[in-house]
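Let's start with one chain on its own, the form predicted on its own, as structure tokens.
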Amino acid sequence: MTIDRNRIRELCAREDARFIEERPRSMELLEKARTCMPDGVPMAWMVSAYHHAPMFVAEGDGAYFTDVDGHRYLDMNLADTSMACGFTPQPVVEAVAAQMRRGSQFLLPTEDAIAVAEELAGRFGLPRWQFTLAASSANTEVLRIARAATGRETILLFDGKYHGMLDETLLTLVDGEPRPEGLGLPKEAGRRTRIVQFNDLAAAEAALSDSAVACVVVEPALTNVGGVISPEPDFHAGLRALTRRFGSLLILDEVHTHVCAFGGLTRAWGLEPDIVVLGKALGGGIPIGAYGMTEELARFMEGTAGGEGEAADWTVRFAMRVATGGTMFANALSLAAARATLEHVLTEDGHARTAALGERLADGIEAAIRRHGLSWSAYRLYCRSGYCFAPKLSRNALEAQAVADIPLTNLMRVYMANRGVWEALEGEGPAASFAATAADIDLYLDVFERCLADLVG
């Protein structure tokens, strides 16, 4: 069935008007905020991510948050997966409060660092770990390690990726060439970056064949372009073989996907990266980034300081090491939060329960699509399930972009918000949090069903 485009426009106009009318306090605060912050928000994504004005949030608890006008929302976006553990998970709240009383930052290690590193090593199969404040900074550091270790400068990415706000990864393909994906980036940002399509091993081989690539950075599954794009059965094994053949490191960005399974998709799918990068949900709501590496790379990092000598001043010592670190990186508060999150929330049982909720979500989406005669499809990635506006799931970014429908996406977001469900960001898809229940998934599916009925009715 083809949806009437006029119907989409009519419904969106109706729902947009309702959204503004029912949130007077948020609109009042937004006007006030415009006098002290660009666009009235403290961070640009808070306005650019939505076609409607943002509402102001009052509080969150479990799988829900409440805005300043008293509207309560089931959160299926999870703050771009950073709140996959839910709001205010009690073990994390208690650990953070206790650590704040003891001190939040020392620029020295605490025992929690050992506990977190050992737990991550056991889960992901990489023995040595470092910590930052965000995945963007973790990706910055692993690129430097890869360049220093290989003596090469070029990196290889896959179209449709997201690896943070780095000059050399914030790029998109234009006429087959990497171009800056926003204003303010240097024109030469893509000079040392190559981009090919996901699931295309032949293109990856061609990009690696001159042995100039320091590392390949890849997500286990693309999660930032048209929902989820899954790898074909031989893709990751083929990519691992290619990187070994041409002497490039393989970096697995599990920032969005580590919540899918215990040990992430690295463990679930038996992947063998040289480095894995984590972030977002790892701190249970407290900022943290992390990356694990092979013993060989850890020894390389340690060895870069081998000739500095005791008498050398700190500028010499820093210059002889790989350029990593930051004043607030690996702070005591972040590591206390990560330890509590790993021990009490991101457990094997928690992952299994949340994956089952994701299956319930996908089953319900598929059933609703069939009932309304729509030629859509549903994808499944453990806790992260959603819908695609095409009968066949996309295998790369080009296919995902071809079936994207921004007006329809905008309508569904505001329609669901007006009925108590906070839908995923454009280009992503809904996900079940570790705080969600079967009843919460059923609530989502009820609102989704009503939205489809209005669309085709």
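Numbers follow the displayed sequence, beginning with 1. Given the structure is predicted, the values throughout are model-derived calculations rather than measurements.
The same protein has a further form, the form predicted in complex with a small molecule, not shown here; the description that follows concerns it.
Identify which of Leu346, Leu74, Ala135, Leu120 has a heavy atom within 4.5 Å of the small molecule in the predicted complex; exactly one of them does. Contact check passes for Ala135.
Since exactly one of Ala338, Val255, Cys383, Ala84 fits, which has a heavy atom within 4.5 Å of the small molecule in the predicted complex? Checked against the cut-off, the match is Val255.
Hey, in the predicted complex, is Lys280 touching the small molecule, heavy atoms inside 4.5 Å? It does: once the small molecule is placed as it appears in the predicted complex, Lys280 has a heavy atom within 4.5 Å of it.
The small molecule contact at Glu205 in the predicted complex, heavy atom, 4.5 Å: Result no; Glu205 lies far from the small molecule in the predicted complex.
With a cut-off of 4.5 Å between heavy atoms, is Phe158 one of the residues that contacts the small molecule in the predicted complex? Because no heavy atom of Phe158 falls inside 4.5 Å of the small molecule in the predicted complex, the answer is no.
Quick check on Tyr387: any heavy atom within 4.5 Å of the small molecule in the predicted complex? Close contact is absent here: in the predicted complex, Tyr387 is far from the small molecule, nothing within 4.5 Å, heavy atoms only.
Have a look at 268-276, 292-300, 161-169, 228-236 and name the one stretch with heavy atoms inside 4.5 Å of the small molecule in the predicted complex. Contact criterion met by 161-169 only.
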